[in-house]
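A single chain comes next, written as structure tokens; it is the form predicted alone.
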Amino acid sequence: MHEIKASMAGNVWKIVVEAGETVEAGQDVVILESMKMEIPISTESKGIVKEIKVEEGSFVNEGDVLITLEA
């Protein structure tokens, strides 16, 4: 199991994957909005999206788990 965490505090602007989807290393999975900038959050490894732990529009703190991947 691999967790994708927020690299900074901000609002979840867009979730670009769905549960059950296969993702490749380096693929963007969530776009955060912080300080009026869009920050793409990508995965470091290939896997299947097991659970999306946030909703679009929600606020997250640095280190919060956004998505879990199953290898």
Partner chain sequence: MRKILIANRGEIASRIIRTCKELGILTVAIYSEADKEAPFVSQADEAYLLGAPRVEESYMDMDKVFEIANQSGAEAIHPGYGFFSENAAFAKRCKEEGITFIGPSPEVIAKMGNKIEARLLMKQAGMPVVPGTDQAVESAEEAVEAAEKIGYPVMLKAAAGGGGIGMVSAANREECVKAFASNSERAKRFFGDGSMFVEKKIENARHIEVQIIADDNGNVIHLFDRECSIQRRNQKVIEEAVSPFLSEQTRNEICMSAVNAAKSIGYVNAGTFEFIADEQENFYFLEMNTRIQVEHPVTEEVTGIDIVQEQLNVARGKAILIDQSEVKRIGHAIEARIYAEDPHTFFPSPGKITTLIVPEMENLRNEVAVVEDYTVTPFYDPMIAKVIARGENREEACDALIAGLEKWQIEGIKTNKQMVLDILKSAEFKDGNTTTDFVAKYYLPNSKK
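Everything numeric here is computed off the predicted structure, so don't read it as measured data. Numbering follows the first chain given and starts at 1.
Although not depicted, the form predicted together with the partner chain is the subject of the following passage.
Checklist entry - Would S45 show up as a contact with the partner chain in the predicted bound form if we use heavy atoms at 4.5 Å? => result Flag for S45 set to no.
Checklist entry - Does A19 reach the partner chain in the predicted bound form, with heavy atoms at most 4.5 Å apart? => result Because no heavy atom of A19 falls inside 4.5 Å of the partner chain in the predicted bound form, the answer is no.
Checklist entry - Is V65 close enough to touch the partner chain in the predicted bound form, meaning at least one heavy atom pair within 4.5 Å? => result Close contact is absent here: in the predicted bound form, V65 is far from the partner chain, nothing within 4.5 Å, heavy atoms only.
Checklist entry - Applying a 4.5 Å heavy atom distance criterion, does A25 contact the partner chain in the predicted bound form? => result Contact with the partner chain, no.
Checklist entry - From first to last in sequence, which residues of 18 to 38 have any non-hydrogen atom within 4.5 angstroms of the partner chain in the predicted bound form? => result The stretch touches the partner through E21, Q27, D28, I31, S34, M35, K36, M37, E38.
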